[in-house]
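We begin with a single chain expressed as structure tokens, specifically the form predicted alone.
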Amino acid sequence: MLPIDDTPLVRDGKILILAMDHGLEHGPVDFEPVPETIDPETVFEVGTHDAVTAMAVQKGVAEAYYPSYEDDVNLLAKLNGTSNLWRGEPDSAVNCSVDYAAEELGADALGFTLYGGSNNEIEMAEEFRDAQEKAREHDLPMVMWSYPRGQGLRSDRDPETIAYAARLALELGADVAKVKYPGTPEAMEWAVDAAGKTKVVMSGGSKSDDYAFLKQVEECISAGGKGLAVGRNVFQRDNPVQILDALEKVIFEEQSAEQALDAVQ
């Protein structure tokens, strides 16, 4: 396992990734609640917040916008991704090589989606193998978006499924596993245990109420999780700085959701 605590991805042992790969994965619909976010510069400005340890974007956005923010934002380059126009069994096209991300984009970390349980799992795992081994040559942390998904999967939020997702990340060599919240602190703790030395961060998911969102993050941290990878729950808000202020208190200072909200409101 790559020691990543001293890399730009991690601050004081914790991680807060601001993800903006939604334009590819979901389409422009995710930017409609706050229309100005269709311009990546708007979200990059949010990403300069001290709480954000890295921004996750696809290659094209990194090429076009990151040069203006490289002094203020750490780059997590997503290596694969597929549009929501795709209607086949879950898969994720490899859109960027590790060498290109490291040498041309100046990435500080790498991200890779794996759909465990998909009929395409074997191909994606082999692609992850190639990327993970090349990432080691560049000393770059590898974050796995570990999302069980496929026609044979009954529930992608079942606690055992989420624990399996975390374990897949460990077994395949990811430094960080991004998994969905399994519903309870006890289930989250089981997922963290299953991940071993792989750090577990919670997926932010679709936008929710401030308190409900922060409470889930609090429960993730109390269960041994190391942070959050979030997009819509930040950039779909009218005041993204305020929610990042609160997240900083919950993740890095380990305050409760109530304490964090009281401090920022």
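Quick caveat, the model's predicted, so the values are computed rather than measured. In case it trips you up, residue 1 is the first one in the sequence shown, and so on.
One more form of this protein exists, namely the form predicted together with another copy of the chain; it is left out here, but the text below deals with it.
- In the model of the complex, at least one heavy atom of residue 118 sits within 4.5 Å of a heavy atom of another copy of the chain.
- Using a 4.5 angstroms threshold between heavy atoms, residue 21 counts as touching another copy of the chain in the model of the complex.
- The shortest heavy atom separation between residue 34 and another copy of the chain in the model of the complex exceeds 4.5 Å.
- The closest heavy atom approach of residue 188 to another copy of the chain in the model of the complex falls outside 4.5 Å.
- Contact annotation: another copy of the chain lies within 4.5 Å of heavy atoms from the stretch 57-65 in the model of the complex, the single such stretch among 57-65, 203-211, 236-244, 219-227.
- Of the residues in 223-246, none comes within 4.5 Å of another copy of the chain in the model of the complex through any heavy atom.
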